[in-house]
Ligand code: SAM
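Here's a solo chain for you in structure tokens, the form predicted on its own.
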């Protein structure tokens, strides 16, 4: 089950989250009530490194462990909104990172399966989920570009890293009627693409705008060797 919150949970830096929601989300194009409520509740400062916590509610990406990043709040909200989640949905997330995005999604769907390729990030995310009382998130270390076959199909799939193409492995694990949101492009900039699988299995793509994510490393994404050569 998703976490139940009490007043004490909501009070910690609540004013900052209210400011974030009002200015960065509702002041733009984030209109989904479930997304807004989740962004208001989840304490983003607990998902960033200690020396970055003062900037937790600014609309900016922040560096986390393993050379990765936590996306700016607006992008997290935009991607969550694009998934068009229902309370009964089963979600696959590729790229756990700090765990913030999975925490946001956890109150909007029935269960979140999230894959992270960095052991240290998966470890810290599991600790955060345990400390914050999330019971509907499962973390796995592995190649996210291959998906999670044993748990498929998924009603929604979220990829939080930019790939060169949409992995066919993820398309195959998307349920009929499912939504896949993924950044696609080169390593410098991508287009945020939403794919919907129709009742006939047809795929419909939408471009949700320009974004910039860390590279999607894996069998169906960028290679680790090429990524190292570019850094």
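From a predicted model like this one, the values you see are computed outputs, not experimental measurements. Residue numbers count along the first chain shown, from 1.
Below: the form predicted together with the named molecule, not depicted.
Listed stretches are 49-57, 174-182, 159-167, 187-195; the contact stretch with the named molecule in the predicted bound form is 159-167, by a heavy atom cutoff of 4.5 Å. In terms of contact with the named molecule in the predicted bound form, the residue from 134, 154, 100, 148 that brings a heavy atom within 4.5 Å is 100. Checking 92, 85, 121, 78 against the named molecule in the predicted bound form, a heavy atom within 4.5 Å turns up for just one residue: 121. The named molecule is not drawn, but in the predicted bound form it has a heavy atom within 4.5 Å of residue 70. The closest heavy atom approach of residue 21 to the named molecule in the predicted bound form falls outside 4.5 Å. Contact check for residue 115: a non-hydrogen atom falls within 4.5 Å of the named molecule in the predicted bound form. In the predicted bound form, residue 214 approaches the named molecule with a heavy atom inside 4.5 Å.
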